[in-house]
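The chain below stands alone and is given as structure tokens, in the form predicted on its own.
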Amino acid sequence: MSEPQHQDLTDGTERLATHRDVIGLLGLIAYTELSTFGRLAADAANAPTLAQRHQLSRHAGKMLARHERVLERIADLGGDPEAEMGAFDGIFDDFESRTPASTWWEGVLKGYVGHGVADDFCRLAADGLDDDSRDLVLEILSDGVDSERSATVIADAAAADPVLASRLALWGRRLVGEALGLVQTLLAERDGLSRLLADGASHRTDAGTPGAADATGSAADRQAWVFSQLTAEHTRRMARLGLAA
């Protein structure tokens, strides 16, 4: 039996997002996790040292496990996992073509920044999901894989080589700009994501999250709020690597 098209928020107001929107976001998350698994596996295969190869391979395995859990949730909600992922096939192509990595280190940071922004965006949208789906998504996106998977490898190398650190910091600025451009495109082309963000902002406002009310207004207000959240998280992510954002 399918779930209703609209559900109420905790304060009794009707959600803007539909059941279709919920499954769509889960499809985006599943596709993102699968893409990240492929990137991590490639990074591992080309890692300079055996220790780095082992570390990144382990994290790739964790990413695939995350992907499988999201697929199970899509099926539970009556969706076709393969079709839901297929709806997003190719969304990273422009980002990939605009950010060709010239070194292995740039490639690893590219995955770290790109996946980090994608995860942060999905966390914001996840606040508009039904309780069970939201709990699953937030558990998956907060399981520590992102912070572990490449941070140690990059941070150690940057600390040992100031020139590399400077180059990676500059590269990180370019990457986040391109990643935010991808988010802008998604918001413009996928109305369901905007509806989920609006519902999520209402959820955050009810919970007393500072600034969340800014995202309950117009689409432009919502995009500005999303960008401010993603930029702040990127700055913190780069700081964990010892790199300037």
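So that there is no doubt, residue numbering starts at 1 and follows the sequence shown. What you see is a predicted model; the values in this text were computed from it and never measured.
Another form, the form predicted together with another copy of the chain, is not on view; read the next lines as being about it.
For the options Leu71, Ala158, Cys122, Ile140, the residue carrying a heavy atom within 4.5 angstroms of another copy of the chain in the predicted complex is Leu71. A heavy atom within 4.5 Å of another copy of the chain in the predicted complex is found for one listed residue only; from Ala60, Leu186, Leu180, Ala198, this is Ala60. Contact annotation for Glu96: none of its heavy atoms lies within 4.5 Å of another copy of the chain in the predicted complex. The shortest heavy atom separation between Ser194 and another copy of the chain in the predicted complex exceeds 4.5 Å. When another copy of the chain is considered in the predicted complex, Met85 lines it closely, a heavy atom lying within 4.5 Å. Mapping the unseen interface onto this chain, His67 counts among the residues with a heavy atom inside 4.5 Å of another copy of the chain in the predicted complex.
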